[in-house]
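In the block that follows, a single chain appears as structure tokens, in the form predicted on its own.
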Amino acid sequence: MNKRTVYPVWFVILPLVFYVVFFLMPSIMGIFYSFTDWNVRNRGDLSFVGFQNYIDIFTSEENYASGIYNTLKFTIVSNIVKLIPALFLAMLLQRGLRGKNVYRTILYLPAILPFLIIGLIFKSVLNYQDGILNVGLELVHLGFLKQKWLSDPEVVWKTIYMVDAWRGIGYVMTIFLAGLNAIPDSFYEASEIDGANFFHKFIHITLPMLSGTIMINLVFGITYGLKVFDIIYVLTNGGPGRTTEVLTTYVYKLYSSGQYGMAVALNTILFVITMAAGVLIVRGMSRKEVEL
């Protein structure tokens, strides 16, 4: 007879201590410092300023509020441009396509590359004067399609979404493939007997059975989108002007310039947004489990 293993309570003490010391306490201290004028000049003489840092974020000429808007916009759009193509690629590669394992590998490879490397490569490729993309367009007599991919405010966000999708679609597709492989073939066979076409099978079988997988991809995607930094910092550094500034790039620049109180206030706003998104996602997942 197998006995259930019961671990001593003191096994939890060390991880709990690490969590409190290295996560909980710094977080609480950070929230406290967001209500002070902490900066590089007055480290030893802090003054409590209340909500002034938060007021400045939304009223300052620096327009920090645009970073909040850009962060939310990137989170929403980047998930859309990855989830939908990744789902249909997964459906295509899940079937009996010749060489599908090769295609899966090729599509997944960008996901293992560091964002720094990807950003540097695409910054070179998208250079207006001598980048491979614009030079290639000239060679095939499509020069009218040339763009200032990283310096035109009307184009730069589309470029960022394109680069981000190139890197992330394969990863999202892999998670969808795992979900598709878990759907019994008998469901589709039974629906075909009833005369269901592709659209009916997609709406009434594939999507409902993939609800958990979609939620997992959304959790990863939203978490990534709210914390995005590398790809934007390397490609545009928040430019042109401040068109592509997000919360994390603003925080980085504020810390670099010694405005610690303001930087922590921005970080606190990011924490609140992330927490709110987490609560909504957990509630959505709980509701879905009840329905199932």
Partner chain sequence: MIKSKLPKAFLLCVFTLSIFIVPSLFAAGTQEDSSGNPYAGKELSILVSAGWMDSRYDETIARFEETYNVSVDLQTVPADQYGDILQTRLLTGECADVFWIQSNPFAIESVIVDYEDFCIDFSGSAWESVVPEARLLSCKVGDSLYGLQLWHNSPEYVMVYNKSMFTEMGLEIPTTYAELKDVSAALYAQGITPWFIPGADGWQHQLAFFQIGGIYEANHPGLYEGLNNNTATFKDNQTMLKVLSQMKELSDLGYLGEDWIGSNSTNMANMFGDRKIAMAMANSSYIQQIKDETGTTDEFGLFLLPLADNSFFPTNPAGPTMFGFKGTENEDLVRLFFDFVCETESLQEILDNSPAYTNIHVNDDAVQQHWLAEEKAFVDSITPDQMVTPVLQTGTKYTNDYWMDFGADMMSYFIGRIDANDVLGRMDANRAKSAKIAQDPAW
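Numbering follows the first chain given and starts at 1. Fair warning: this is a prediction, and the values are worked out from it, not measured in the lab.
Heads up, the form predicted together with the partner chain isn't pictured, but that's what we're talking about next.
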{"item": "Contact test in the predicted bound form: K227 vs the partner chain, heavy atoms, 4.5 Å", "value": "no"}
{"item": "D194: touches the partner chain in the predicted bound form, heavy atom cutoff 4.5 angstroms", "value": "no"}
{"item": "Any non-hydrogen atom of E154 within 4.5 angstroms of the partner chain in the predicted bound form", "value": "yes"}
{"item": "Close approach of G241 to the partner chain in the predicted bound form, 4.5 Å, heavy atom", "value": "yes"}
{"item": "Option touching the partner chain, based on a heavy atom within 4.5 Å in the predicted bound form, out of Y255, F51, F58, Y69", "value": "Y255"}
{"item": "Contact residue in the predicted bound form, chosen from Y108, Y128, W166, F88 - any heavy atom within 4.5 Å of the partner chain", "value": "Y128"}
{"item": "Partner-facing stretch of 219-227, 263-271, 242-250, 28-36, counted where any non-hydrogen atom is within 4.5 angstroms of the partner chain in the predicted bound form", "value": "242-250"}
